[in-house]
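One chain comes next, on its own, written as structure tokens: the form predicted alone.
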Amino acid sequence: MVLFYYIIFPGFLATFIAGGVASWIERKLTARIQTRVGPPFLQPFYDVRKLFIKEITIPEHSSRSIFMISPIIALASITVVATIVGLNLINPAYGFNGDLIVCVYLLLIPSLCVILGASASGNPLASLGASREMKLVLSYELAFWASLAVPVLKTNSIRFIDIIGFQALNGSIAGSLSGIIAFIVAIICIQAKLAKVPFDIPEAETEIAGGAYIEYSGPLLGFFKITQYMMLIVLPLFLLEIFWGPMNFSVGILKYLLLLTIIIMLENTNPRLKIDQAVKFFWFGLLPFGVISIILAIIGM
């Protein structure tokens, strides 16, 4: 019963509601940048409700079981991460040994589910979207791990409680030279994890008509939509915990809104990259900065 309560709050329910609000902020700010009015406050929740009252359509030549279970697994994985991250925000004592590594692995699962679901649909455009998603994951994930190595090296721990405690005593990791470089690298990587412009390559509505999601409809598409809402909350909070240290409620909201604004500005000031451009950017542009931050962390900077 206690575990069920934690999954609901601060896990699924709280994160879904907060993610819907964050999605509205994103869409509203984007509209203002483009001199439009933007959607009403409850529009993200209307979108999900509309999907859940629609019929599920299964492609005739799809792998039915994989196609249907992929969005459910994606939602389940981000719910577990939301629970771990949320409990550590409330009280770091709720953490467990290796919880940082567990979260990093679970954050990869939604992307893998997109790849599996799209590949199982039998649609060539969805397969193209899956191929792009796979290449994107292989490109940004190494840089993401390199950035996360900095707080691990500085604290000699893979537990949230130790990383947060270290920053409570010594200041935020992002306040050091290695920390700020790693933090910037991680922000760009989560832009790709969120599939936001310039890294919305697997979806690319103007090119491949929705790409990986083209065959999804009804509640199955709703599960993916909710997962995206929740990731918009979980990923920034995850970075704030390990790079910006302990936060009270009001300061935490301000820091989150600052990071969300950066994500939105990156989305609205850059054109979509081609997949080969994205791979080159992460491997030959961003990864070296991650390596530099690791070297600086080792020598104590």
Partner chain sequence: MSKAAILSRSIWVFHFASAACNNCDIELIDALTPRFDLERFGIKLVGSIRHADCLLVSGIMNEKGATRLKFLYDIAPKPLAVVTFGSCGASGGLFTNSYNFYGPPDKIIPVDAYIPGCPPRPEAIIDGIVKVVKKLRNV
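Numbering follows the first chain given and starts at 1. Keep in mind that this is a model prediction, so the values were computed, not measured.
Missing here is the form predicted in complex with its partner chain; even so, the following discussion is about that form.
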key: its partner chain in the predicted bound form reached by all of Ala126, Pro236 and Lys255, non-hydrogen atom within 4.5 Å   = no
Exactly one listed stretch (255-263, 42-50, 270-278, 242-250) reaches within 4.5 angstroms of its partner chain in the predicted bound form by non-hydrogen atoms, and it is 42-50
Partner-free chain; cross-checking its partner chain in the predicted bound form, the single residue of Phe160, Tyr140, Tyr213, Phe223 with a heavy atom within 4.5 Å is Tyr213
Interface check vs its partner chain in the predicted bound form: of Thr155, Ser77, Ser131, Ser217, the one with a heavy atom inside 4.5 Å is Ser217
Practice task
Please run the contact check for Thr57 against its partner chain in the predicted bound form: heavy atoms, 4.5 angstroms, yes or no?
Solution key: yes
Item to check | Non-hydrogen atom contact Arg36 with its partner chain in the predicted bound form at 4.5 angstroms | outcome: yes
Taking its partner chain in the predicted bound form and a 4.5 Å non-hydrogen atom cutoff, the residues of 111-148 making contact are none
